[in-house]
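In the form predicted on its own, a lone chain appears below as structure tokens.
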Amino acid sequence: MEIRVADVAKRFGANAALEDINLTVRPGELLALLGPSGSGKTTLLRVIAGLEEANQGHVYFGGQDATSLPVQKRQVGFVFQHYALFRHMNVADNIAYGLRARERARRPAESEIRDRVGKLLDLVQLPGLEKRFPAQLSGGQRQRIALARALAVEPRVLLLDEPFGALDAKVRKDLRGWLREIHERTGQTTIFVTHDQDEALELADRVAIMSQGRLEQVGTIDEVQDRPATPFVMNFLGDAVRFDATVADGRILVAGRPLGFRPPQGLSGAVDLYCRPWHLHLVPSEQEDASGTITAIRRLAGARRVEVSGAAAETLEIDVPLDAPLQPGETVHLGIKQGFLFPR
């Protein structure tokens, strides 16, 4: 099922939560809505579900304009951060709730409901827990039951609103792989809201990065990492430092010194140059593009991350080998191997 959002805007009073959102989710795709708190991700998810009404624009499910359809008729499965399980119902009844709540003509027989509950418990790898109550389950188990309940009604699209946000880091990491496996087995079109970059980049087929109610970039993991479309995307997806730079005569100049790589064709004038820690390296003083004083050194998995202040732009970080003989307070000279350019 393809989901298409066309020119959607949503305001709460004078505040614009969404502005001119255009987004297509491909059939069978797992798309992550990624962005900081307040960027509009959950509002967009709720507009797609029918839980919020857009002030303008349309939402299409396949070829059907679903904009005016109530939530009950959109056939979406929704999984919330805090599970939203019924405490007084056991696991089986929680999963079956959406089926039993249907009007009589569309309600499956009890034998079919029991069979579907059993299959869904197998799918979420929790067989035999039918009689337990939510209070008897761990946080990870409750979230699996919430997903089983969402899938029970055979939704056209599955919507997940920060489903692992209430769980500790270890459980969250375990559930990421499990959710990806479930998605591959079911082929369900899924939209997943998160503010966790690692979560989105590990789980999603594509990510839609949002800021202040707008879409900054939509693309595959490689596209947003290797070709960030805006400075916001560059900064949001990892450590980055900005240098004032100029493009002239096919060269990139920082503090008047040409760098060793070329700008894209057609770019000229004042630009912002953004670099990741691995875009920088130590060089002799006569080859420096920037310099500064080491303020801190910390261990990474296979390298050391060095913090340098007083460089050509701002405080920056650089990755160096474990055996690099560096100390806090030492002056270092840096070369710029690569970076991303954005016109001013």
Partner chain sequence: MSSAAPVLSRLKRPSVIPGFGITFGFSLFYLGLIVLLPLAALIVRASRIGWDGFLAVATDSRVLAALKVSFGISLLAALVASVFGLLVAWVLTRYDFPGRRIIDAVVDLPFALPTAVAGIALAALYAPNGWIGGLVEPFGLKIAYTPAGIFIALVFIGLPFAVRTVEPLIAEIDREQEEASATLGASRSRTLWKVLLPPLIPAILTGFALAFARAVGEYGSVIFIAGNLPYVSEIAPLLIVIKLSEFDYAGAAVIATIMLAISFLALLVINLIQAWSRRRFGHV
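Predicted, not measured: the structure shown is a model, and the values here were computed from it. Positions refer to the first chain, counted from 1.
Not pictured, yet referred to below: the form predicted in complex with its partner chain.
Participant: Want to guess which of 119-127, 149-157, 183-191, 260-268 is within 4.5 Å of its partner chain in the predicted complex, heavy atoms only?
Facilitator: Partner-contacting stretch among the options: 149-157.
Participant: Consider the chain as shown here, without its partner, and state which of Ala109, Ala169, Ala105, Ala135 has a heavy atom within 4.5 Å of its partner chain in the predicted complex.
Facilitator: Partner contact (heavy atom, 4.5 Å) among the options: Ala135.
Participant: Of Gln72, Thr220, Gln212, Thr230, which residue is found within 4.5 angstroms of its partner chain in the predicted complex when only non-hydrogen atoms are counted?
Facilitator: Only one listed residue qualifies here, and that residue is Gln72.
Participant: Between its partner chain and Gly238, Ala240 and Ala303, in the predicted complex, does every residue show a non-hydrogen atom at 4.5 Å or closer?
Facilitator: The answer is no: none of the three residues contacts the partner (heavy atom, 4.5 Å cut-off).
Participant: Determine whether any heavy atom of Leu85 comes within 4.5 Å of a heavy atom of its partner chain in the predicted complex, and answer yes or no.
Facilitator: Within the cut-off, so yes.
Participant: Might Lys173 be said to contact its partner chain in the predicted complex, defining contact as any heavy atom within 4.5 Å?
Facilitator: Result no; Lys173 lies far from its partner chain in the predicted complex.
Participant: Any chance Gly98 has a heavy atom within 4.5 Å of its partner chain in the predicted complex?
Facilitator: So Gly98 counts as contacting its partner chain.
Participant: With the partner left out here, check for me: in the predicted complex, does some heavy atom of Phe78 sit within 4.5 Å of its partner chain?
Facilitator: The answer is yes: Phe78 has a heavy atom within 4.5 Å of its partner chain.
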